[in-house]
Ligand SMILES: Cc1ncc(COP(=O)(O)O)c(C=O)c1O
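Just the one chain here, laid out as structure tokens, in the form predicted on its own.
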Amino acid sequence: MNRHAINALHDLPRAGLGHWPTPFHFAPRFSADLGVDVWLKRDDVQGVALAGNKLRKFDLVLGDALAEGKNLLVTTGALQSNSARIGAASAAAVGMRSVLLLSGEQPDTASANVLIDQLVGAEVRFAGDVSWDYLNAGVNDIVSEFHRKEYKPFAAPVGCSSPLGALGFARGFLELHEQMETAGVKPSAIVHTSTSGGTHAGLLVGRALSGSDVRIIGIDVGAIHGNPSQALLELANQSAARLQVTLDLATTDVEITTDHLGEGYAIPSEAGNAAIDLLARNEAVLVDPIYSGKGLAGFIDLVRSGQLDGPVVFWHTGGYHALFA
């Protein structure tokens, strides 16, 4: 265990958002259905605009921005982006303005995440059917625009998956590691949904700092990166560098699959919808059809195909809001 780096991690400025630790509990009926012991890490349970995993990232990113005197967040995502929604909500919670650049067309009636974006006071702009590169370039343009208006803006990338944002999940891994030890749980793997990669990269850093050897498996439902393993490895190393440590990681340490992408990002799948029903009926825990539902489908497939033995942890990264779109 790298105590020096862990201390540096805990000393990073925070915005004071969230209630930590998030719950960690056994799912008895879901376990019985799958035939293995399943534990849930519940990042869907939080106090800022219905939460989700991105709150861990924005807690650090906004903490750093506040320390530097910034006063306006600019970020981006898909039309029903969980990251953009919690970014806007987090900004509102600390008295900061926000501007969101979302892909897609402005809906006739705001619902789900778009409705929450508006409720928390974000200025929402719609870019149409454009690429991720276009959105990120658009964020930089908006930052320049507000500089000229004498604000002190700053940008957060898709998923808030910056090196600093990813460290929110290094902290998250250490939190879960302590909970697992308290519960006496030694899982064969921790499985989570992935898109931009900050969650996975941060978990890799946290695992390395803790000395754990538990498998971390990402179910990629976005296919944002051409080479996901290499992109996540680079992000993990950049995050570790902020703590002045070097990780002994290779691309083989990054376990990630796009097998449950389906027809593409933000398009529901039959397997994802079936997974939503299974967890809801067994445990009254909700996941959404765009993000966590497809990740849960991948988790179920790994278990039922015999690729994972129990106990196993599914990290519920949130995002059930799209159920209401």
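Quick note: we count residues from 1 along the sequence shown, nothing fancier. Keep in mind that this is a model prediction, so the values were computed, not measured.
Omitted here: the form predicted together with this ligand. The next part is about that form.
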Worksheet, complete the sentence: Interface check vs this ligand in the model of the complex: of Ser196, Ser98, Ser90, Ser239, the one with a heavy atom inside 4.5 Å is Ser196
Worksheet item: Counting only heavy atoms and a 4.5 Å cutoff, which of 144-152, 196-204, 177-185, 246-254 contacts this ligand in the model of the complex?
Response: 196-204
Worksheet item: Would Tyr291 sit within 4.5 Å of this ligand in the model of the complex, counting heavy atoms only?
Response: yes
Worksheet item: Do Thr22 and this ligand come within 4.5 Å of each other in the model of the complex, heavy atoms counted?
Response: no
Worksheet item: If you check in the model of the complex, is Lys57 within 4.5 Å of this ligand, heavy atoms only?
Response: yes
Worksheet item: Does the 4.5 Å heavy atom contact test between Asn82 and this ligand in the model of the complex come out positive?
Response: yes
Practice prompt. Quick one: name the residues from 309-325 with any non-hydrogen atom within 4.5 angstroms of this ligand in the model of the complex.
Written response: Thr317, Gly318, Gly319
